[in-house]
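A single chain comes next, written as structure tokens; it is the form predicted on its own.
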């Protein structure tokens, strides 16, 4: 679990307020021995598997607290359930900001919810590190207090398309997606990358959230016979789509999925390896989940959450929590919200030891992670890949 000592030395934090707020606002949610952090996520509902990302992040808070905290202050998580629902998410954000008066926010799964929260959080000025949701529009256009700590849909979409085209002789590519902003945050950059490289998608299909049958879409794909399919679908619909692909004799066509799915979880959902053997997903990490580089992180999570079943989602938010702690350390003991935001904007090439790409935030760009690896089953085992047939 690495630190970059040079980062802390380089962080020159201005004492001038980043936002026009009074002194009481600057230290709201802060005491001599605690920093309160609002953690929003889908702790219930059909997207509850995404809450694993927040469990991993809070386990990292616990680790830091056991080591004495940051300048003597413990990181105290105040949890609110969004159920991956925009109305519930907005109520959660308003409660954390106005009633609980947390110092900052970190977390969020479900891009649609995060997008709904952006105006309220931006107006509040409260620092927010987006640790799981990926839509580019959450952090672009630039907002002084909003930072993305994972690859955005744009970064992932381009990585998805690059992997698809790295398979030799791939010329016919189809896209299936939800009609929401989350799916478009992947598919639009992927489509742009394909077209930049001379490939126009031959078929573009929609499968809505909650849909329990993909027969109509699969029959159209069977007529088109694509070389590769890009699927911007949530996990439940991905499993349905893959099952129907196999049902209609198309299980050998490779499918490229998003960070909204998990390789092992998708296998569990389908219950059949043949259904997922040609499924690939964005994988933001330096190793397989059971690889030696990931083992310390899994042990950390189980120390504080012994019964937690690990998945890809369990690790995704830890890197941004590491960067947060580094910025808090750099901001010094006389902490304010403005000092924290200034410190976050000085994070450069921060190697988390867990994400496949480093985190860099600047005053001009708060989208901190620019790339991603890919995971798929190779010879029956989950494998991290740089490109088709090339291990990470």
Partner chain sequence: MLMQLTLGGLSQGMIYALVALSLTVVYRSTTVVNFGHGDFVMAGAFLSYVLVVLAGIAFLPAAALAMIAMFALGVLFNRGLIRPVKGGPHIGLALMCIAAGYLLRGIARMVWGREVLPMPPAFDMEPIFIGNLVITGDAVFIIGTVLVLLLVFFGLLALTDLGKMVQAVYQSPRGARLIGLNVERFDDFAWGVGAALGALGGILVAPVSLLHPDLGASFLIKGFAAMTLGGFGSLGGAVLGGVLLGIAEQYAGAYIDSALIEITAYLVIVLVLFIRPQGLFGRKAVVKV
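Nothing here was measured: the structure is a model prediction, and the numbers come from that model. Numbering follows the first chain given and starts at 1.
Although not depicted, the form predicted together with the partner chain is the subject of the following passage.
### Query
With the partner removed from view, which of 125-133, 151-159, 284-292, 203-211 is the stretch that lies within 4.5 Å of the partner chain in the predicted complex, judged by heavy atom distances?
In short, 203-211.
### Task
Can you work out whether the partner chain is within 4.5 angstroms of a heavy atom in all three of 192, 320 and 348 in the predicted complex?
No, the candidate spot makes no contact with the partner chain.
#### Entry: Partner proximity in the predicted complex: residue 330 to the partner chain, non-hydrogen atom cutoff 4.5 Å
Output for residue 330 is no: heavy atoms all beyond 4.5 Å of the partner chain.
### Task
Using the partner position in the predicted complex, report whether residue 358 sits within 4.5 Å of the partner chain, counting heavy atoms only.
Heavy-atom contact with the partner chain at 4.5 Å: absent for residue 358.
### Query
Is the gap between residue 363 and the partner chain in the predicted complex 4.5 Å or less for some heavy atom pair?
Taking the distances in the predicted complex, the answer for residue 363 is no, it never comes within 4.5 Å of the partner chain.
### Query
Is residue 353 close enough to touch the partner chain in the predicted complex, meaning at least one heavy atom pair within 4.5 Å?
Residue 353: no contact with the partner chain in the predicted complex.
### Task
Using heavy atoms only and a 4.5 Å cut-off, determine which of 253, 76, 236, 300 is in contact with the partner chain in the predicted complex.
Of the candidates 253, 76, 236, 300, 236 is the one lying within 4.5 Å of the partner chain in the predicted complex.
### Query
Which of these residues, 335, 55, 64, 326, gets a heavy atom within 4.5 Å of the partner chain in the predicted complex?
So the residue touching the partner chain in the predicted complex, by this definition, is 55.
### Message
For the stretch 110-128, I need every residue with any heavy atom inside 4.5 Å of the partner chain in the predicted complex, listed N to C.
### Response
Contacts from 110-128: none.
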